[in-house]
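The chain that follows stands alone, in the form predicted on its own, written as structure tokens.
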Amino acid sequence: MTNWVIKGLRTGVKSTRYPRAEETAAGCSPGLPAATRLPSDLAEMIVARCPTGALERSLEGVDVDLRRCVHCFRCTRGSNCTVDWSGGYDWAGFATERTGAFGPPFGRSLHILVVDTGDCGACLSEVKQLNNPYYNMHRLGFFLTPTPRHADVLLVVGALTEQMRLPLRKAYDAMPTPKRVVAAGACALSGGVFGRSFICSGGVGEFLPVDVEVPGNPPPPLAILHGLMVVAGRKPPASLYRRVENSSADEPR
């Protein structure tokens, strides 16, 4: 027992330094496609490869709707796949221009209810990582709660299936005000490869007023943390739509 205590003291804290410092560990983010200047014929060919319509043809090349990207990498891997790719993990943005973050009373403490509305297991697995020692979301004042009565934030993952609409509505209605909704993952944002269909909607926003959206399929834990910090008012939001007219920089849609 003594040896384990000594080893722990020597090892020190291994939690990520985010958000105080940039995370440099390998594999913390798969990155996202960036708006890219391309000749018209090449742009049309690459846009046609996208299975979810995340890539859109523009006058200068290819624009990107990050809400629809499912990380298939068909736009950046293989012959003639020349769409630029950006790293980082500050991906979350406000769903609408009317969306606002929580005020100061909620800035340092949020209780989160996670609802799986038809997830394949990928996004839910990333959410579960937030409680492990490396990400340790408790250090940031974020706590999971099993009951909507104590929840400030409703974190939704998965394509919204027909069977989960009523349970999701009941959970939302049972939450006290003020409350916010965070949708995480391409399926929750746009339906992904499953929706819009006879069994799935085109995103949670068609059913509930979503405040913050976290793109990715699945989004890494740091991107989900960024979404929670955006809704808490502790980090600025990112744009969910990238246009090539601004040299691949983020712009509001």
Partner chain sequence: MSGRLDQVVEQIGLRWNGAVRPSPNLAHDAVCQIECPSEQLGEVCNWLFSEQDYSFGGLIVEQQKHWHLRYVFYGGAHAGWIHLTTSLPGGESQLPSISRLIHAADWHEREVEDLYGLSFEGHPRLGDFVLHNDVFHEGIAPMLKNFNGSEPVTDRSPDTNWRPRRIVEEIGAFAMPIGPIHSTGTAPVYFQLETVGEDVIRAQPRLFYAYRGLEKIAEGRRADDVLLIAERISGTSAFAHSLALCQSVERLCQVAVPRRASTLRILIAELERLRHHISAIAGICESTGLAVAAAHASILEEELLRISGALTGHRYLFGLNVFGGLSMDLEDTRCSLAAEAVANVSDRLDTLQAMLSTSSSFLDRLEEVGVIEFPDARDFGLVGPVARASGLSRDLRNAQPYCGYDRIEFLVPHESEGDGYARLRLLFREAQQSTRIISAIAKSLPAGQCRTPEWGLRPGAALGWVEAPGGAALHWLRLGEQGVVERYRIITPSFANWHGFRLAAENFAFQDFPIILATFALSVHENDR
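Please read all numbers here as calculations on a predicted model, not as lab measurements. Positions refer to the first chain, counted from 1.
The same protein also has a form predicted together with the partner chain, omitted here; what follows describes it.
Novice: Based on heavy atom distances of 4.5 Å or less, which listed stretch (173 to 181, 102 to 110, 88 to 96, 145 to 153) is in contact with the partner chain in the model of the complex?
Specialist: Result for this chain: 145 to 153.
Novice: The partner chain isn't shown here, but in the model of the complex which of Val70, Val210, Ala34, Ile46 has a heavy atom within 4.5 Å of it?
Specialist: When the partner chain is considered in the model of the complex, the option within 4.5 Å is Val70.
Novice: Heavy atom to heavy atom, is Cys28 within 4.5 Å of the partner chain in the model of the complex?
Specialist: Yes, Cys28 is a contact residue.
Novice: Although the partner chain is absent from this view, report whether Leu140 comes within 4.5 Å of it in the model of the complex, heavy atoms only.
Specialist: Output for Leu140 is no: heavy atoms all beyond 4.5 Å of the partner chain.
Novice: Spell out, yes or no, whether the shortest heavy atom distance between Arg196 and the partner chain in the model of the complex is within 4.5 Å.
Specialist: Result yes; Arg196 sits at the interface with the partner chain in the model of the complex.
Novice: Is there a non-hydrogen atom of Lys14 within 4.5 angstroms of a non-hydrogen atom of the partner chain in the model of the complex?
Specialist: Answer yes; at least one heavy atom of Lys14 falls within 4.5 Å of the partner chain in the model of the complex.
Novice: Any residue of 124 to 139 with a heavy atom within 4.5 Å of the partner chain in the model of the complex counts; write them all down in order.
Specialist: The stretch touches the partner through Leu124, Ser125, Glu126, Lys128, Gln129, Asn132, Pro133, Tyr134, Tyr135.
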